[in-house]
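Below: one protein chain in two forms, given as structure tokens, structure 1 then structure 2.
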Structure 1
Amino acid sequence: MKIVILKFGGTSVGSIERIKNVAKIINAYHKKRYKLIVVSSAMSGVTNDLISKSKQISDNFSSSEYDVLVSTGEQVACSLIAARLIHLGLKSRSWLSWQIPIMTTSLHKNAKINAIYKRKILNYLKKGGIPIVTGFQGVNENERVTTIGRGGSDASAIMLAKFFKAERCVIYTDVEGVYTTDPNKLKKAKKIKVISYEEMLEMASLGAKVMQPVSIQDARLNRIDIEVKSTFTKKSGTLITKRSNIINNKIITGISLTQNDSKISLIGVKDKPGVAASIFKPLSKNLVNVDMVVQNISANGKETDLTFTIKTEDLNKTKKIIQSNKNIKFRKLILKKNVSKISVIGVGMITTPGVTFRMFQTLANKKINIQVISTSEIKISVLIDKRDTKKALIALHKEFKLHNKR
């Protein structure tokens, strides 16, 4: 059986009119005799709204109840889509993840899909039905509802493609595909026709919200090609695929940004073995995600300065953890909100020397101060003042010729 997975994001199902439009798209595939499995996110804004309700109930809201609560948005969207298809005369029904079931690891809020039972859905497909499956949610071995992290419907779609050996996996969203940078932040951003898993993973992890990083990791491991395209136009989108399928003549493929980062510096930390571990262990225990880290060489051999970045939402928690940490001694703690990380990404930099220099020179020409640097084989990230982000983005996008047609 040749199966196609269609995933619709929040904006795509954001209103009744848009849901009717989604039903039309599904119907068009159906007329071409594809066997379809549709995955939907919640209508836009709904998940955020549910999260804000949970915060009003408690600042320590039970994580198992959080999953029950925030997964409800997908149920609403799926039912509306299925009912619209029924209205159009098609056979359709919604499937909540536990009804299939889509099994996940036990950890709430950030579970991972580890199995999908196929029997019921295959039977339904054989009878000519169009299943509309809730993205973002699953069920664990204790029969509790789980969710798989923000933006997780992308991962639901990829895992359905994996388990059902789908022929195609199409991610319908509110932009025409993956762009050189967020097209809502830079008008000159250009749509990328083909991008490798590795580059997409870096772009997503470094802030390009268009695809959720976990979903790209899953697609790469399982060699699933992903088509990203717009729900609102018929234009061709972006193909995410393996590197050997791509003839790439660009050094840099894209630029990603993160916002809402904060920088923490510990000045005059006693320099002895194990000190970094003593600082980061309690943070990791409390689920604070530490991103960039730099430790200065200590000038006198006794003291050093350590700087790292975290999400601003974790700032108060982090401050408390550090101040109550009896295992470390330091002279001063400096907290700085409003920094942002800008990253250039491209497999071309493996074979092309000088990218780092060009990036630093471009920022220097614009008098933008670099606070922290981190690199990998295919990306260079720098931390800068949030106020400089737009200026840096425009300058780097131009320097690496991303304005040009691709």
Structure 2
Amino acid sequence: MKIVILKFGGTSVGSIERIKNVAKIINAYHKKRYKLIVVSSAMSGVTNDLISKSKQISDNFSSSEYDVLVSTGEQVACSLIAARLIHLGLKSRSWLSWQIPIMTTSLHKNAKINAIYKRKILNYLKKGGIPIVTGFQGVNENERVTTIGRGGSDASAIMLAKFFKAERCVIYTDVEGVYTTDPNKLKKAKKIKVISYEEMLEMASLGAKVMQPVSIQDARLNRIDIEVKSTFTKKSGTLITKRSNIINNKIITGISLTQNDSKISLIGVKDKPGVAASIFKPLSKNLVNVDMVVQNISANGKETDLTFTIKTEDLNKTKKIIQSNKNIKFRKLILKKNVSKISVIGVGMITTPGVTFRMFQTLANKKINIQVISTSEIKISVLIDKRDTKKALIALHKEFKLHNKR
């Protein structure tokens, strides 16, 4: 049985006309005799509206009732898609997570899928049906509805592909695929035909908004190939797959950037074992995500300067946490807003020397100062002044020839 998973995002089902268009896409796959499992997000804006209602009811809204509430958005979208397919003469019905069931951990708001029971869906497929499954949700051992957190519908589709051993998993969204950089920021950005899980994971974690990092990691761990396509055009998309499937002469695959970062520097920290843990433990407890970290030890070995980056919205909270931390001593605290992180990503840099030099020299030629550097096997990130972001993006995109046809 050739099973294909089709997942449609919120913008894809954002109106009645768009839902009718989704039904046409599903019908086109049906005519090719694929067995289809369709996963849908809520119509765009619906989940945010439900969250807003929960806040109006209580600033301490029950997490279990929160999941029941926000999961209804997917129920509406799935019912509308199924009804449109029935209108077109196809056999279809909506399936809520508890009807399959899709079993998750007990954690509300951020559950993980543990198991998917296949019998009912397989029987329905054998009878020629097209199941429309609610994404973003499951049910726990207490028979309570759970939600899977940000990117939950993508995660639902990927796990369905795993359990049903699907031939393909196609994520339909409002963009044509993954680009060398954000096409809204650089018109010369090119669509990438094939990208590795590792490169996509780096790009997503560094600002690319096509998919959430957790969903890409699920696909990587389970070796699920993902095709990202636009619901609104018939053009080919981007295939996300394992590294060994890619024949690519590009050293750098893409450039990501973030523009809502702030830099924290603690000068003259009394150096002793565990001092870094003493700084970052209270930040972690208060859900402050720390990114780039650089530490410099003084010549006498008694002091250290420690610099790290956070999201700007966490700046005031971070300042208060550090200033109230009795376990650390330092001479000066420096806070700097209006910085941006720009990263070049590519598996080609593993076997190609000189990428770091080329990146740094390109920025130097444009008189762009590098404030912090962070690297991994397939990524180099630098922190620069926010006003230099566009200039840096254009220069690096050109240096690594990403504007050429791919």
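Counting starts at 1 and follows the sequence of structure 1. All values reported here derive from a predicted model rather than from experimental measurement.
(request) With both forms of the chain shown on their own, indicate which is the form predicted together with ligand ASP. (result) Structure 1, not 2.
(message) Treating the chain as two rigid parts between structures 1 and 2, do Pro282 and Val372 fall in the same one?
(response) When each C-alpha is assigned to the better-fitting superposition, Pro282 and Val372 land in the same part.
(request) Please indicate how large the rotation of the smaller rigid part is between structures 1 and 2, in whole degrees. (result) So the smaller part swings through 13 degrees relative to the larger one.
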